[in-house]
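Only one chain comes next, encoded as structure tokens, the form predicted on its own.
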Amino acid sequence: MKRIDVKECATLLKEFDNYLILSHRNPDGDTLGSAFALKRTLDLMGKKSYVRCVDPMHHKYSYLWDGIDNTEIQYDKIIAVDVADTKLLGDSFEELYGDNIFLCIDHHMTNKEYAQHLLLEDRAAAAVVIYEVICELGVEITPEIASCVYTGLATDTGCFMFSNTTPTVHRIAADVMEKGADYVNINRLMFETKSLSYLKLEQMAVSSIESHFDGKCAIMTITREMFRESGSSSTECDGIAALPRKIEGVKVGVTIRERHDGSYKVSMRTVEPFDAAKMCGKLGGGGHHAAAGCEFNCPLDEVKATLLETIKAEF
């Protein structure tokens, strides 16, 4: 593995003509916005690429790939975007691609350094790093690329409300807005528009919330049965993990989501002085100071007990 900077990354991208771009499973706005911003940039450079994800990409993101050809090609190299660990590609993709990642572009400082080349910056979103690479390449940022970058910025900062929102994020957002990002519709789609099935799921999830440590920790559980009853799916619940932390007095908010195979995905959101990445790191996961995650393959009671033990140590 070789750590590289933005300039070296741009040089690498110029060397080859055909790329496979991978996003992480349960794709969100940052991994998809970053991936399609990169693909559109490579298209303008006369290169060929396509974006793949092990899980379905929700139709609300369809504007990211509108008007472009994202069909499978014969690729020279593989790029992973916003993927801190090959296991985040999903089991089948990890087996298929995990040992052959040529380049990883990421913003998670818990990155496992699995790629041959790693561009890693401690930024609010992978879209920030992608924006820097596009600028270094000297490619014109079209309205479509601008919308892709804006999507990554807005979703990973909670519409610029999370603590990871920096002056740099605002400056980049302003630049891509000036370059034609459809920010009004993107904000509406990402933060205001919810399906009836999602609202039913959210109602069930909120009713599951448990309070611990004098109200400073809240744990919410989403089961497969809730998905079945509501008619919702994991593709439309990007923002649901933030709900427990929104409760007054909560310092550590945890969402436990049961996957279709019976395993559990844990999303942790914290406020100062608690470090989500540190706690999830102890459990084999990672992420950022205020937002991190980990996984379990054991009964729900064990998941909760292990989480509470880890969180209690921090209190």
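Heads up, when I say rigid core I mean the largest set of C-alphas that superpose within 1.5 Å between the two forms. A residue's number is simply how far along the shown sequence it sits, counting from 1. Keep in mind it's a predicted model, so treat the numbers as computed, not measured.
Note that the form predicted in complex with a further copy of the same chain isn't included here; everything after this is about it.
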Exercise for the section: Spot the stretch among 177-185, 86-94, 101-109, 114-122 with residues whose non-hydrogen atoms come within 4.5 Å of a further copy of the same chain in the predicted bound form. Expected result: 177-185
Exercise for the section: Kindly confirm or deny that A10, F16 and Y61 each have some heavy atom within 4.5 angstroms of a further copy of the same chain in the predicted bound form. Expected result: no
Exercise for the section: Go through T223, S163, S233, T142 and name the one with a heavy atom inside 4.5 Å of a further copy of the same chain in the predicted bound form. Expected result: S163
Practice task
Tell me, out of L137, I240, C159, I78, which residue has a non-hydrogen atom within 4.5 angstroms of a further copy of the same chain in the predicted bound form.
Solution key: C159
Practice task
Indicate whether V206 is a 4.5 Å heavy atom neighbour of a further copy of the same chain in the predicted bound form.
Solution key: yes
Practice task
Flag V128 as yes or no: does it have a non-hydrogen atom within 4.5 angstroms of any non-hydrogen atom of a further copy of the same chain in the predicted bound form?
Solution key: no
Handout entry: H260, heavy atom within 4.5 angstroms of a further copy of the same chain in the predicted bound form
Key = no
Problem - Interface membership of I247, a further copy of the same chain in the predicted bound form, 4.5 Å heavy atom rule - result: yes
Practice task
Using a rigid core alignment, state whether the CA of I145 is displaced by 2 Å or more between this form and the one not shown.
Solution key: no
Practice task
With both forms fitted on the core, give yes or no for whether the Cα of K216 moves by 2 angstroms or more between this form and the one not shown.
Solution key: yes
